[in-house]
Ligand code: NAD
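Coming up is one lone chain in structure tokens, specifically the form predicted alone.
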Amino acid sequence: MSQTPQTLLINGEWRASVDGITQEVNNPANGTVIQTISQASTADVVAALEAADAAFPVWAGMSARDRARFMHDAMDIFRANLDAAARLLTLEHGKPLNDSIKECRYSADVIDFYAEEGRRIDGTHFAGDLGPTHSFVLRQPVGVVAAITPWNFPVDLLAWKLGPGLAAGCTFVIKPPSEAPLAATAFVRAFAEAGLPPGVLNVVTGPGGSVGAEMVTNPLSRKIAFTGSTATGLWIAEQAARQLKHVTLELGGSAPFVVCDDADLDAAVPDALRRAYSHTGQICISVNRIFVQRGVYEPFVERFTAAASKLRVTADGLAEPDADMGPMINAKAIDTVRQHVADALERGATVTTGGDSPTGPLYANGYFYLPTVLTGVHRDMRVMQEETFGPLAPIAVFDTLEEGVKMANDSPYGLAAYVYTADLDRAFYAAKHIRSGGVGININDITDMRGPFGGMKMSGTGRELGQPGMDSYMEFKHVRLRHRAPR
């Protein structure tokens, strides 16, 4: 009889769920079972929250220097085992190994960055205007954080939450994604091995409808840090509002990529290609819509289509670590891409490359879709209004930059946008008028751990990374003191 897996971390102890229920983690490239893990019950979640609540005064009461030491030590341990964690990430997600290694390395860097930022937490003070008073503004941790993370970057987006939260003095209950929990759990294991006090970090894996719901609604959690779908984010916001909890919600995106007629196509084409198809298009800041000014529309489409048709889709991200794409995460994800392509074709669009799954025995048991390009698209198509989250790039044409910006803003989402132009005035106009939380000018990545990341409109609320990322885990307390002359 096999032993029940002990993959939940509660109050410093790795254990099985109280009811013994388990779940399988599958490889999306071939459907095989990678590992069986414990599935937390509501009782497990409550125990984890209670442990985090009990550990909060201990962790918050430590000096920032001591918290930083634990965080640095944890990342030394994680880096020593990084290759194993990256292999787990490739197996459970499907992304090529080089992409997994890059994610794990960056995640460790984020923790180290915030370990030092935590030592620079300060307050402000000022003399009062009326009478002998002086004010102090203290920055203090919010308390227990419920961190719910997605499957597309399960380590990276966990680090974005743990880094500032731990440095601020918060404790955590973490729900890794059910589809890809293994590498994220390995990341947390490094903290446990570094000797963090019991209860500072807790891991509970299971369905969002039960595990995530208890984390959100239980009064012991004082902040919800969530990355995922807009629909789930709206539910979390409603529930958190009932108890006035802090929230950071990074939700869906439909990033526009605007190419002006003075753009350097030698840069714009490969940059658009990478941002559209990297991680099989399963990134919240993936290019979802491409808008090209009429003067360079034809050459852009020709070059982009040719490059997309040559991308390498691997069925084994370990054997081909430098491949361009791997599988999608599950059948539902492929269904969305197929629906968007079918809808576009019915409304007059044309497929210039891709449009189906790759064939052959290597791809037979996995969730694969070819990099696909659509032309002749317009705003009424689903692909132009919904987040595809797959390897699909629709290309539309515009005449003036004002029109291009209007088309870019024609979406309920506003997470990231990209603009390629050689003209500074055009660049500034676009950056100012596109409604998104980040705009890349002649660059296809808006993330830097020193700058804020988050969305406008239906793409979320709050910010991660940068100083705002740290502030989101803190309360600001005004202390006003009346003083008198000594007697």
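Source: prediction; values computed, not measured. In case it trips you up, residue 1 is the first one in the sequence shown, and so on.
There is also a form predicted in complex with the ligand; it is not shown, and the following applies to it.
- Within 4.5 Å of some heavy atom of the ligand in the predicted bound form lies at least one heavy atom of E387.
- Looking at G209, you'd find a heavy atom of it within 4.5 angstroms of the ligand in the predicted bound form.
- Put simply, N365 is far from the ligand in the predicted bound form: not one heavy atom of it is within 4.5 Å.
- F453 belongs to the set of residues with a heavy atom inside 4.5 Å of the ligand in the predicted bound form.
- Screening 223-231, 337-345, 81-89, 163-171 for residues having heavy atoms within 4.5 Å of the ligand in the predicted bound form returns a single hit, 223-231.
- Candidate site formed by T149, V216 and W235: every one of these residues places a non-hydrogen atom within 4.5 angstroms of the ligand in the predicted bound form.
- Interface residue among G143, G118, G252, G354, judged by heavy atoms within 4.5 Å of the ligand in the predicted bound form: G252.
- For the options K175, R275, R289, K95, the residue carrying a heavy atom within 4.5 angstroms of the ligand in the predicted bound form is K175.
- Interface residues of 281-317, taken as those with a heavy atom within 4.5 Å of the ligand in the predicted bound form (partner not displayed), are limited to C284.
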